[in-house]
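A single chain comes next, written as C-alpha cells; it is the form predicted on its own.
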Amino acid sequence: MRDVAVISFSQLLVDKAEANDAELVMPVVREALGRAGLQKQDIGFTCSGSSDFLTGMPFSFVGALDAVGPWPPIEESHVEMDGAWALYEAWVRLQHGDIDTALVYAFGRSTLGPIEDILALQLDPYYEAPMWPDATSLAALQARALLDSGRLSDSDKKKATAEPPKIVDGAAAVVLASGDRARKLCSRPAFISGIDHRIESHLLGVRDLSHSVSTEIAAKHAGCFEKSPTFAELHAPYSAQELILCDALKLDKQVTINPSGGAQNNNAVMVAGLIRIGEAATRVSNREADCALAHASSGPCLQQNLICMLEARA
C-alpha cells in the first residue's frame, strides 16, 4: 500500500453560523492549504462530506464548492456522510498512484432545524422511522442495554448516560499527501498506518446495542490491536457510547481519551468524525505522540464506524 499522511488540519466551530455553506467552508480550506504551503492548483483530488438534509436543499453541497474554486474544472467527489468517509475515499484515490495530494473538507449547519428529528430520517423507513424516535431517546435505549449487560464497573455505571451533546455548526479541512511529498511539505507527517470502516444492520432490534461489533472488526483490519496509541479521539456524542467504544477497541487506562473534548462538547453533525482524525493527527505532528487512534461514527446507536490509525515514521 502507498504511504499517505495527514499534513494539515483546520477546523471552525460556532454555536450558530450566520454564513452560508461556502462561507463556512472557505476559511478552513484556506487555512489548511496555507499550513501545507499549497495552492488549489496543487491539489490532485478534492472530496467533501455533508448532508443535504441539514440545509433542507437538494444538492446543497454543490454550492459549497465555491469555497474551493472548481474552475477550471477539478477532480472532485462528495459523500453524503461525515467527512471521515470523504477522507477514506481520498485515501483510496491516492492509492492509484497518479496524484500526490488531496483535499478533504466537511461542513454541517446542524442548528438550522430540529436535528434530533432530522436524524430520525436515517432509520429503517418501515419499522422505525414512522415512530420518529429522536436521537437522544435511541441513545438512552443503548445506555440502558449497556447497563443491563452487567459488564460495567460501579464507576462506569455513572458514565452510562444519554445526556444530549452540545450541537454546533462547523467545518473542517484536511490535506493528505503521499510518501516523499508528505515529508517535503510537513516536518512530521501523521501517516495513516491503517484505516477501515464497517457497518451494522440499520434495524436496531437485530443487533446488540451494548456492543459495537463493527468497531471491533474495523479496528482489527486497521491494525489497532497491534499498536499502542497514546491518544484516542472517539466520535461518541453520548458518554455511554464512549464506554462501548473503549470496550470494543480494548483501550486501557493508559490511553488518553478525547483530549480535545470530543463530540459531547461540540457535536458538529457531518464534521465531528473528520475532526477526530484531524485532532489525532495533530497530536502526532506536534510530537505529543508517536501513534494515535481516531474513530468516526454515523447512523443511530453507532451503526457505522471508521477507525484510522496515525503514526510518525522516520
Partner chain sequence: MSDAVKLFKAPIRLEYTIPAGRATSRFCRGLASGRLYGQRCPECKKVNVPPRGACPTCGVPTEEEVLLPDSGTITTFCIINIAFAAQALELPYACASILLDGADSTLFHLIQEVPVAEIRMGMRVRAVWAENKLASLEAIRHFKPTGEPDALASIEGHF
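This structure is a prediction, so every number in the text was calculated from the model and none was measured. Positions refer to the first chain, counted from 1.
What comes next is about the form predicted together with the partner chain, which is not displayed.
Sort through 26, 289, 43, 248 and report the residue having a heavy atom within 4.5 Å of the partner chain in the predicted bound form.
Selected option: 26.
Which residue, 99, 118, 213, 167, has a heavy atom that falls within 4.5 Å of the partner chain in the predicted bound form?
For this set of options, the contacting one is 118.
Is it true that 150, 192 and 279 each have at least one non-hydrogen atom within 4.5 Å of the partner chain in the predicted bound form?
The answer is no: none of the three residues contacts the partner (heavy atom, 4.5 Å cut-off).
Taking heavy atoms and a 4.5 Å cut-off, does residue 15 contact the partner chain in the predicted bound form?
No, residue 15 is distant from the partner.
Would residue 31 count as a contact of the partner chain in the predicted bound form, using a 4.5 angstroms cut-off between non-hydrogen atoms?
Output for residue 31 is no: heavy atoms all beyond 4.5 Å of the partner chain.
Looking in the predicted bound form, any heavy atom of residue 259 within 4.5 Å of the partner chain?
Residue 259: no contact with the partner chain in the predicted bound form.
With a 4.5 Å heavy atom cut-off, would you call residue 37 a contact of the partner chain in the predicted bound form?
Outside the cut-off, so no.
Please determine, with the chain shown alone, which of 250 to 258, 59 to 67, 264 to 272, 281 to 289 has non-hydrogen atoms within 4.5 Å of the partner chain in the predicted bound form.
Every other range fails; the passing one is 59 to 67.
Does anything in 43 to 57 come within 4.5 Å of the partner chain in the predicted bound form by heavy atoms, and if so which residues, in order?
If the 4.5 Å heavy-atom criterion is applied to the partner chain in the predicted bound form, 43 to 57 yields 53, 54, 55, 56, 57.
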